[in-house]
Each structure stands twice: as C-alpha cells, then as structure tokens.
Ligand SMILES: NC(=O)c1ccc[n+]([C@@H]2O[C@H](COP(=O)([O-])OP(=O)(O)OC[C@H]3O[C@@H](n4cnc5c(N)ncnc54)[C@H](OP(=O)(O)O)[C@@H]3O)[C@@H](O)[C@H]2O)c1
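A single chain, nothing else alongside it, follows as structure tokens in the form predicted on its own.
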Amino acid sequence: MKRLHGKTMLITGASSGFGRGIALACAEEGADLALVGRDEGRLSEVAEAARSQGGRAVVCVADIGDEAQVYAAVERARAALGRIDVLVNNAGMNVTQRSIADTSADQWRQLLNVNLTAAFLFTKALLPEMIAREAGTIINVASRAALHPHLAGGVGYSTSKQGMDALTQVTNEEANRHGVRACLLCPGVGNTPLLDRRPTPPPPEQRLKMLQPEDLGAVVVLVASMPARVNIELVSMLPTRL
C-alpha cells in the first residue's frame, strides 16, 4: 500500500518550487490534496498531474496574505475532501532588499504576513479539529535561516522563518498530548523561483547542485507517513556539494 493512502493534505504555495515538488511526491504516495496558491493556472496543472496518480486534488485559489482568503481556502478544502490530516505550511516569499537599511516597513510587514502569519492562520483553522480527533500532522517549511539568521536571506525573511520555529514548538507543546505533531523543515538553498529575487541570481549550473523540489517532497512524505507515536520535530537539510 502507498505510504500516504487515505491521507488528505492541504499544501500552501503548491503551484511551483518546493510546494509543487511536495504535492507531486505526496500524490504519488496516495494522498488526496488541497492545493493553495494565487496562480489558478499553475495550480490546475499541479492538480492534473496529481490526479494522474489516481487520487483527488482540489485547487483552492487564495492570497494567503489575506486572512479571509485563508479561511475560505480551508473551507473549500474541507468541502471537497472532508477532514484534513496533514497541513503543509510551505508558502513563502522574499524581497530583493535584504539589509535593515534597505528593507522598508511595508516589505517587513509583507514578509511576516505571508511567511509567518499565514502559517499561524492555517494552523489556527485546522489544529482544533486535529486535537478533537487526536490525530494530525503539521509541517512548517521554513529555511536554514530559522536556525542561523543571516543577511544573505535578509532581515525580514530570517525573522519570519525564526517565527516558524517558535510556531512549531508551541504547536507541539499545545498539541502533542492530544496526538498531534508538528515538524519544522529547514532546507538550505534550493532550486526554486525565490532565487530570482536575489540581488544576483545564481547561474543554471549552480542551481543543479542545490536542493531540488523532489528532495523536499521525499522528506515531507517521510514525516507524514511516520507512525503516530513518532514526532520528527526538526529536519535540517543542506546541499552536499554546494
């Protein structure tokens, strides 16, 4: 039997990059998916690829920087799939400006809203029902910046990812006793569209040495498929040869 057979998952930022890789890996292992993002066309392509594996996939178009749209996406997912067993808070963004001096207050607020507040809102929407049925997994895709904040990632991005660490730890403190677990997944540099927001984007040959979306997919499948007694609280990933 496939490792995620019978599981329903909500994945944010599922239209490209790590989110797409996570979605396709989980579909291949039998999961039914609610795919959240802003680009309906690209989400539909991912959904079609997921359905080709034999499962269900529903597109939930939302700007996760908007609280009302977060809750609407959750309701759309519930209506289509029923209970949500696994939440993957993957969506994230960055800006070209990285220093305190160059980052505007509006950019700071946008980064925290998309990268951290949205994860809190999806958790807030789904955690009570997970606790009620004493089962559920939340996977927060952060960054190595959550463990080692740095100027290359930027002040707003690093702060938002450290916040994901705190959210994960508090979720576990609140919910572990009810059989619900949370994992902080901290990938190093990955071959995703975020690279194009760097002041100097890396060349193609360097991107091939980075973590790839399917690498994140494999780890999410592992975390989500572990027996309920096991909580993998932290995963740190780095490219081997970069």
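Computed from a predicted structure; not experimentally measured. Don't overthink the numbering: it's just position in the shown sequence, from 1.
One more form of this protein exists, namely the form predicted in complex with the ligand; it is left out here, but the text below deals with it.
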{"item": "Selected contact from Met130, Val114, Leu121, Leu167, since only one has a non-hydrogen atom within 4.5 angstroms of the ligand in the predicted complex", "value": "Val114"}
{"item": "Contact label in the predicted complex: Ser16 to the ligand, heavy atom within 4.5 Å", "value": "yes"}
{"item": "Leu194, heavy atom within 4.5 angstroms of the ligand in the predicted complex", "value": "yes"}
{"item": "Any non-hydrogen atom of Ala62 within 4.5 angstroms of the ligand in the predicted complex", "value": "yes"}
{"item": "Residue contact check: Val189 to the ligand in the predicted complex, 4.5 Å heavy atom", "value": "yes"}
{"item": "Stretch in contact in the predicted complex with the ligand, which is absent here, among 130-138, 77-85, 97-105, 156-164 (heavy atoms within 4.5 Å)", "value": "156-164"}
{"item": "Contacts with the ligand in the predicted complex, stretch 21-45 (heavy atom within 4.5 Å)", "value": "Gly37, Arg38, Asp39, Arg42"}
